[in-house]
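Below you'll find only one chain, the form predicted on its own, shown as structure tokens.
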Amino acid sequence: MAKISKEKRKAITILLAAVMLVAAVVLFVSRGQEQGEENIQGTTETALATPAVRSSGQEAEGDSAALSSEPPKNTPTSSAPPAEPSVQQDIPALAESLADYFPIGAAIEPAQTGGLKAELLKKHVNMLVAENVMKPDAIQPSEGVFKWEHADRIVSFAKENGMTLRFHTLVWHSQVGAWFFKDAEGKPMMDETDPDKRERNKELLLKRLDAHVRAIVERYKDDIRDWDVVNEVIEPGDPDGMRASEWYKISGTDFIATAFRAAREAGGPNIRLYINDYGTDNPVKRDRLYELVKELLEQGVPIDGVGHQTHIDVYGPTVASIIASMVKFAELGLDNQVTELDMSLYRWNDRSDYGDQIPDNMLEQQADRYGELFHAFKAHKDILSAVVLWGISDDHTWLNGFPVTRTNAPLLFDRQYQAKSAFWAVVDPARRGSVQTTAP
């Protein structure tokens, strides 16, 4: 065997030492990573067990709590896992429980006329309204081009299941085709400064509106009794308290009178025509709406009632203020309907989020308020002819995306279509505490 030189032995020794050092480092890092993963897992589990609160980054007016990074101080949520979506057949039907008082309805989309959601609707409501597909741009997206398919689907579903219908809405400042407000040359009417041309634009706008209303009412007059003719025309912060929409800036209040008159002429005396708005519990807005309606009635405009949207929350407004508005309009000989009822878990200027686990005491607070509200509705059934919820279950509600994206639960049935405590507060308060409910 050849002798290994001194220099080679030294190199081998250094190489072996380096290999041993690398092995030691790898072992150390591996153990540290395992420990770190255990720590991360524990932290994640803790976070998942805590209700998440996300701030939108937009300062909430008058409510610093909305910006807090701390979760709301509420009682824990139920630890029971959510049930699979199903329709409970062994509970009272909402519509039947209110049959001696008024119809109860829900806003829906065409896709909800099939599947479990349809079964939930068929069990519990006897009135429907289209959430979006009967709004102006959905039915007549461009002049003379009418899209009836989605609206027809809801009408057919209602008729097949013995439900009455509300129409929402013939006129609105939102979700309306821009073509309405362009002159004969395709230019924006609002840009016109010449008085004579502005008057011709007004005539053109009202002619288009008249044709729009007549086409829709003539199609559905035998299927739909109650109609939201104009929607959200009052805005106390705008000049004269009228919403400064393109409708109003071009035509004044003539668009309102035109729409009501066209609807009556096309639909006959048996349909009922409503002016619909939100925040009607606010005395300032209520009184301006009252003044407008009174003036229109004196002009012979055929208004049958007022629709009170009633998008409220668990904190306000008071039930007394909601009823006071109905009483005021009833004094004009008008009917009242609650047209878009839901109840947010958050104050109107709160941007926080309970996350997926809503505290039980918030749901109980909501139930208390639903119970109080429907008790008052039933006591005033002589001036209130219908109550319509803006949805049927918490999995589909505009409040999950407004004013920020978050978890809300404003309706009587949870995301698995199970009856909430609020349902029992409306249907049978005596059973409310004894019924096991699932977490939303």
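Don't overthink the numbering: it's just position in the shown sequence, from 1. Given the structure is predicted, the values throughout are model-derived calculations rather than measurements.
As for the form predicted in complex with a small molecule, it is not shown, yet the points below apply to it.
- Of the candidate stretches 147 to 155, 366 to 374, 171 to 179, 252 to 260, only 171 to 179 contains residues with a heavy atom within 4.5 Å of the small molecule in the model of the complex.
- When the small molecule is considered in the model of the complex, only one residue from N201, T280, N231, S352 comes within 4.5 Å through any heavy atom, namely N231.
- The contact residue chosen from K135, K221, R272, R347 relative to the small molecule in the model of the complex is K135, the criterion being a non-hydrogen atom within 4.5 angstroms.
- Mapping the unseen interface onto this chain, T113 falls outside it, with no heavy atom inside 4.5 Å of the small molecule in the model of the complex.
- In the model of the complex, no heavy atom of D226 sits within 4.5 Å of the small molecule.
- Contact check for H311: a heavy atom falls within 4.5 Å of the small molecule in the model of the complex.
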